Each structure stands twice: as C-alpha cells, then as structure tokens.
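Just one chain is shown here, as structure tokens, and it is the form predicted alone.
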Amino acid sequence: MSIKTKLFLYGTLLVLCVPFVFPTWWMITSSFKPNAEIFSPSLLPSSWSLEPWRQVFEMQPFAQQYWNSAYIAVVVTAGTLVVASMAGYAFARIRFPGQNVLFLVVLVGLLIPSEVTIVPLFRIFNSLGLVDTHWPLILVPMLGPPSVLATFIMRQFFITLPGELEEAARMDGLGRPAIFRRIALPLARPALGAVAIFTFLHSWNLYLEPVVYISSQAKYTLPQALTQFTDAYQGQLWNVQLSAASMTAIPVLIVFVIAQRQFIEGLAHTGLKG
C-alpha cells in the first residue's frame, strides 16, 4: 500500500477507536476527580486525588469482595472447561442412538432466559440450605446455559479433527479416554482459550444471580458491590464507584491480553465445519 493509503487507513481506524476507548479513558480519569467534577466537560481532573480509591476499601470489604469474584470465576471457568470439553468430545466423536436429538435438546437451554429459571432455582437452593452461599453462583453457570454454549464451541472444534488421528491412536493401543486426554484435548487449546474467556467474563460480570442469592455484604461479588457506594442520603458517590469499576476491569483486560490469540483462533476453528 502507498503511504497515503496507509495514512488514510490508520486515520480511519483511530477515529473508529474513539467510541470504544473514550468510555474507558473517562472512567479511569474520573476516578481521580472530586465527586462534584464528575460531569464536568474536562477530560482530565483539575487536581488528581487518590482519595476515592482509598474510600473504596473503607466503605466496604472490597478486598474480600474482589476475592469472592476472582475465585468464583476461576472455579466456574475450570469446571466449565472440564464439563464442556468432555461433552463436546462425546457429541462430536462418539456415535450413539439419538445423538443429534439429544444435542438439540441441550441447545434448547440457550433459548431459555435466566430470568425464567431464577425462581425455581432459588426454591431448590433454598431447600438445600445453599442460599447466601457461593454455591449457586458456581453450579448454575457451570451446568447452565454458559456451559451449553461452551459445549457447542467444543463440539464444533472436535468435529474438525481428522478421523485418521483416532485411528492411528487405536492402532497404538489407546482407548477412548486416552485419545481424548492425550490427543484431542492438547489440539483443542484454541477452543479452550475461547471458552475460558467467555466463561470467565460471564462469571465475573454476573449480577442477577448474586443479587438473588447473596445477602451478606462480605459475600458480595464485584458487580453487586459496585451499586453500594452511596453517601448517607443514598446519593451516588460517582468517583468512588468509578474507582471500584476501574479496579474491576483490570482482570478482564489481563485475561483477554493473555488469551486473545487462542480466543481468535478458537472462534475461527469453531466455524469450519458444522
């Protein structure tokens, strides 16, 4: 490309980046402003202050809430990877009667909104004494619609694997579990990366379920905690909320930067063969 074409292309990309970058820029810079300056037109604070960041930890047990979200997201992600990889491999490589019908029934789970099942699930967990614990926040995503989507992605990836790989493995004396563990799973890293990002972000941003199941402040997750930064008259402390939101966004950025290559490759591979 000529220099003019490159300049035009890069200039266009910079302009298109503004709607995506500006909200993040505004969130971070406004977290250092006094509350009275939040909606001022200035792009930078008139005076930088770390006071809102300090208040985040004084007004709530924010470190504990941060840990709650982190460990729940990690456990849900690990559990979903295990369930989805095994289920996806079974639907893709193991032939059994009613396979396609059963897979269609599983996919129907994606069509059911979480709001429809929240009340029955609450009654079940309440009868088991698991309300106001983190178990519902772990079990529902791991065995619910997010896991169905992960299973679909893994199935689409495993379908693309050549059958000759399994035939060669059987000739070497490997059984089905060994083929899955030693051949199929290592090759599925791109799809696993995509599933991990989807699952981690879904768990990290979960809001409805924590509000329904969790009532103790020390057990809050971050999305639930972000709504609690108010003054004595229930007025919003915007600078404190934006400081907490900035800290909440850090793990999301780290996960995506680390796994973005696997994320893109995984999405590309899942569309090769249906």
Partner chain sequence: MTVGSALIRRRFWTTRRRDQLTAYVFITPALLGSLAFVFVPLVLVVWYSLHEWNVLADTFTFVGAENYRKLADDPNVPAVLRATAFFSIGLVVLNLALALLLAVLLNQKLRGTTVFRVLFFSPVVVSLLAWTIVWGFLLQDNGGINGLLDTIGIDGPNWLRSGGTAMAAVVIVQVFKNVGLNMVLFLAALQGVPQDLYEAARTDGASPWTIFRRITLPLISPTVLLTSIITVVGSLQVFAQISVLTQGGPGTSTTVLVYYLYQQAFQFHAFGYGATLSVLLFLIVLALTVLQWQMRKRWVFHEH
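This one's a predicted model, so the numbers in the text were calculated from it and none came from an experiment. C-alpha atoms forming the largest set that superposes within 1.5 Å between two forms make up the rigid core. Residue numbers count along the first chain shown, from 1.
The same protein also has a form predicted in complex with its partner chain, omitted here; what follows describes it.
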Exercise for the section: Give a yes or no on whether each residue among 44, 78 and 220 has a heavy atom within 4.5 Å of its partner chain in the predicted complex. Expected result: no
Exercise for the section: Identify, from the list 159, 165, 74, 106, the residue with a heavy atom within 4.5 Å of its partner chain in the predicted complex. Expected result: 106
Problem - Touches its partner chain in the predicted complex: residue 144 (any heavy atom, 4.5 Å) - result: yes
Handout entry: in the predicted complex, residue 129 touching its partner chain (heavy atom, 4.5 Å)
Key = no
Practice task
May I ask you to check whether residue 196 falls inside a 4.5 Å heavy atom distance of its partner chain in the predicted complex?
Solution key: no
Exercise for the section: Report whether the minimum heavy atom distance between residue 241 and its partner chain in the predicted complex is within 4.5 Å. Expected result: yes
Practice task
Residue by residue through 105-119, tell me which have a non-hydrogen atom within 4.5 angstroms of its partner chain in the predicted complex.
Solution key: 105, 106, 108, 109, 111, 112, 113, 114, 115, 116, 117, 118, 119
Problem - Large Cα move at residue 34 between the shown form and the other one, threshold 2 Å, rigid core - result: yes
Problem - Rigid core superposed: residue 15 CA moves 2 Å or more between the shown form and the other one - result: yes
